[in-house]
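A lone chain, given as structure tokens: the form predicted alone.
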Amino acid sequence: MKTDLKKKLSWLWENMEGCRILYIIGILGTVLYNALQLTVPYFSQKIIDLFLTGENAARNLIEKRELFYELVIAMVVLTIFRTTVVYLVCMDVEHVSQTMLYRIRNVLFRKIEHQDMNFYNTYRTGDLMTRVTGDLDAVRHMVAWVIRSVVEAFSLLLATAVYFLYMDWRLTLCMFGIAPFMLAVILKFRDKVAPRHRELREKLAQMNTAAQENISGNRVVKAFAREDYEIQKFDECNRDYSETNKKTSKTWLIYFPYVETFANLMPVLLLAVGGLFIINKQITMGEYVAFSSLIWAIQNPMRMLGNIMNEFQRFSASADKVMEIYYSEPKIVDKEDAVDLPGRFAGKVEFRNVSFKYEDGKLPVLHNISFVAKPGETVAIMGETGCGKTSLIHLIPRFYEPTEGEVLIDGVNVADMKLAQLRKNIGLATQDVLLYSDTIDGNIAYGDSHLSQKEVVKFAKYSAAAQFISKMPEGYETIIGERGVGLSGGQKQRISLARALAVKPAILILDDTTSAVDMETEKQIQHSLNELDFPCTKIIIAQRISTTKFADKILVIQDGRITESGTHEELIAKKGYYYSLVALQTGEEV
């Protein structure tokens, strides 16, 4: 998403809310301290003309000694004052930029947290991390340095031009005659460097994504002894980023000699033209010294414009990335007339002629799915890998919207419910178990931070996790590694199940949650799920017959369609897919 400059600056201004007056004061302070740059050359001119080179210099030194001291003291006082203003301005704009950065980062994180699943299917984790860190720093730098530098450059240039014109307009025109050539070079540089910065941000995102994926998947890398391969792959990403960085830097280096050449012509021009003006007595020695003392005030802003343009293009490329997330909106949101259901759900789940396909997919995943799970019932879902089982359960908490049909809970379409109320009534334990770098207690109580220690232990017992937790070094206060590093697959699954149960859901959804546990532990879990101290409708995806045989209803899904439905005994009698699966797992004819 590319946006114009006006919109980007409006966005910055919008996020300075509460600090706008401070920032205006900082900008005005920048103008002030640059205007004060003229004081030393001005007083130097007066001292030289009155007390050093003027016709009455000796007499003035005797008769106007007090004026001499006053001019010297004024130079010192105004220099100290200017230094103080510079310090306060830097502190001011830094405060504003950090406050703005804090606000934008919070908004970005809030936006990311509230996005639907399609968003996460589109954006890579490393790319999002780059936007929240490196790209945001470029935005902060724009406020803290770039804008202030632009104001500094133009205010210094303007103040110097006015002062030079006041002293001698002819010499001033000679000095500024070089400026258009420098400006033309800088504008040419701007056009060349802009696409470089956009490419640079993309290369950085790719490198961060490669690093993030490898750090997260370090076990897989080690399991296949692919360290050298991954190092080489990261090296390629790093080299691409490095080469793009060099190309971006070299772009400025191509134009830098021209800018420096024009800038260094100014002292030569002053020496030649200014010398003639002194010989012809068109300017005084004090005025020449003032011109000489302030020539940097023309050179430096011109030089700075190149760096400013470089940083501005960096900001522009980063702002496009940040604003894309900042202004993004989730597609799955509460309707304006959403039904308010503050109480606990009864737990009836109904699918009515539901079909579904992913946004980036051409073929439907689910076709005309219809079934009912009554309150308190256990519904098991079976089927081959990729048949649509997980996609089906993701429609219940509205991770995705069905393309056709309705999903209802207690007779109300989930699309008409408030998302927070809907999801608080659902406990979900997924195939891909994610545990946080926290205590075991913190992970189990993730859905309800006010859960007591006694309740945490109770839900750990339900999921058959209490026994191995009690053997951990710190028990429930044991810190587990990122994503549950240090725990077995079965242990992670049991903690994940305890976490899902801990919110006392009206609807419990388990996606192959006991696949990594042994048969004895699975039997314990099955018994616990039947003895829960709160009413709960259970929808379980499973591959083991031992998990499904006691379900009130079993659904067999093939190619996105329900091909069989009934109890264990009913499906065996039909001698279809389920019958074949039972025979395969038991090793004998049923």
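What you see is a predicted model; the values in this text were computed from it and never measured. Position 1 is the first residue in the sequence shown; the rest follow in order.
The protein also exists as the form predicted in complex with guanosine-5'-triphosphate; that form is not presented, and the subsequent description refers to it.
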ask   = Out of T84, T385, Q232, S449, which one falls within 4.5 Å of guanosine-5'-triphosphate in the predicted bound form, going by heavy atoms?
value = T385
request  = Just give me the single entry in R398, H197, R303, K389 that has a non-hydrogen atom within 4.5 angstroms of guanosine-5'-triphosphate in the predicted bound form.
outcome  = K389
request  = Answer yes or no: in the predicted bound form, does guanosine-5'-triphosphate come within 4.5 Å of a heavy atom in every one of Y358, Q431 and Q543?
outcome  = yes
query = So in the predicted bound form, does M417 come within 4.5 Å of guanosine-5'-triphosphate, heavy atom to heavy atom?
reply = no
query = Can you check whether N106 is within 4.5 Å of guanosine-5'-triphosphate in the predicted bound form, heavy atom basis?
reply = no
request  = Find out whether any non-hydrogen atom of N121 is located within 4.5 angstroms of guanosine-5'-triphosphate in the predicted bound form, and reply yes or no.
outcome  = yes
ask   = Could you tell me if V185 has a non-hydrogen atom within 4.5 Å of guanosine-5'-triphosphate in the predicted bound form?
value = no
Location of guanosine-5'-triphosphate contact in the predicted bound form, chosen stretch of 467 to 475, 278 to 286, 377 to 385, 440 to 448 [non-hydrogen atom, 4.5 Å] = 377 to 385
